[in-house]
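Below you will find one chain, with nothing else, as structure tokens; this is the form predicted alone, and questions on how it binds or moves follow later.
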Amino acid sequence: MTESKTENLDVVVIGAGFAGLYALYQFRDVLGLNVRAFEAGDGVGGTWYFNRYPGARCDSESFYYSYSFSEELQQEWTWSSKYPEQPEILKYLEHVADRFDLEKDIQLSTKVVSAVFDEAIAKWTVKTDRGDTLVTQFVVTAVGCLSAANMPDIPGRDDFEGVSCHTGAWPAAGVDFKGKRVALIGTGSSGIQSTPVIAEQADSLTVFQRTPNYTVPTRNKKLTPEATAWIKDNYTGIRELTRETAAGFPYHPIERSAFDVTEEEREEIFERLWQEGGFKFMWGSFNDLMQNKDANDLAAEFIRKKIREMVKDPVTAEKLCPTDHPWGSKRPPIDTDYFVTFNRDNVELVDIKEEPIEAITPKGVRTAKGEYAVDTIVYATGFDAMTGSLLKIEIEGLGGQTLAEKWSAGPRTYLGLQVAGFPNLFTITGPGSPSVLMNMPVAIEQHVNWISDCIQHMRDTGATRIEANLDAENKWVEHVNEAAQATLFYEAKSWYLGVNIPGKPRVFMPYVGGGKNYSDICDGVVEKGYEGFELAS
């Protein structure tokens, strides 16, 4: 589609990652609607297309970080390891797009720039950066919660004469670190994953850390044929368990408090889960780690003890020990050899709270204590999470109000699915839903299925528009805030609250009530005749 033209559609889907691909399949192949998906990247994959940085890996286990909607797909696809790396996940998504013939209805290399609702006809006019105009009944955003890269506004950033790259917008051709002096800014998930890999390749690596991070080992391993066979034989139970738990993992809920056991038993449980690796350390240990600060302190100190054991230099070890926020109150990464990497002779840690970065110079990074000459700068500085990608699009609802105006004091949604004043606009895993606090494919499938059922209900009843009620939206926002305030999440300066983006309103964006509880609430809304929504013809 290189020439400008106007098309009439039933649904426009924005994005072609995990959410966009499934939405396209569900609306087109199950409901039989006329659907077009638009993707900014040159290929499908969304997050897994753009995040090609070294060491990029999923932190949910492969066999359930995947779609459950097709038994044939589950049986034919074989994962190589417990925690797959980015190329394998991208290959999986490309396989899904090919297997279900989704590409023919995906327009790549195209950004949606605006969407305006026409109240007279109850339809949206959507425009792209390639001059296309679409008139559609529904707009479904599948833009991803972590896809708007955050480049820090450091003086002199554009004057650097070497290679600069952001982990969330990695060059498709890759970056050659061999023999290079590298600066890595940021120690969130992408910084933690890329540090060991870059250190192995580079002549030197200087890691600039603002806030030390808790991280638990991945313990990745190859999946044996026997393990794969067991998984495929038991997929029904595995998927049911992911939908019955708070975080979308197939772990049976743990009902014990950290204080229901002796100190020796508690240490044994922590040690066993540390050796097993992954998120079981959180979800398979005790049920009060995110509600009880004393319980959380026990887990946090266990991790700090492990850091001190792994890092040989005691000064560096203490710099790497988090003390200013509870464990899990920021997105908890899992890692492969992160801490031991600081034992390498070619790796240096700079605490920018002690020596702040003052500027990027043509030759490197200047701090309050001096200049670090480097050839390459890697920005592992995260994303404008949950709202950034949506607000890049000029979305205009009733009365000419834009989404940016509506959300000027922070995002407001009903169930994370719709925004009052924006009829027929659905946000997959939007703010106000569990989204980033869950295994994402589980959250995505639940949202897409709910939206699909809603659209089918509208077609069955003759309704042409649906809009969240303002009162229901206000009550939901209040509930989301109350749920978060009952936890330890508010004790961290995290991207959950938008703290990493200067000027962004400080609002806790995801819903902490858990996936199963949230799903039950959504089902209850339907059972009560779409309570909180206004449907009209």
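Throughout, we count residues from 1 along the sequence that is shown. Everything quoted here is computed from the prediction, not taken from an experiment.
The discussion below concerns the form predicted together with a small molecule, not included here.
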| query | finding |
| --- | --- |
| The unique member of 429, 242, 446, 189 whose heavy atoms fall within 4.5 Å of the small molecule in the model of the complex | 189 |
| Contacting member of 193, 296, 136, 141, with respect to the small molecule in the model of the complex [4.5 Å, heavy atom] | 193 |
| Interface stretch in the model of the complex with the small molecule - options 282 to 290, 144 to 152, 106 to 114, 403 to 411, non-hydrogen atom within 4.5 Å | 144 to 152 |
| Partner proximity in the model of the complex: residue 476 to the small molecule, non-hydrogen atom cutoff 4.5 Å | no |
| is_contact(residue 330, the small molecule) in the model of the complex, heavy atom dist at most 4.5 Å | yes |
| 4.5 Å heavy atom contact, residue 380 to the small molecule in the model of the complex | yes |
| Any non-hydrogen atom of residue 49 within 4.5 angstroms of the small molecule in the model of the complex | no |
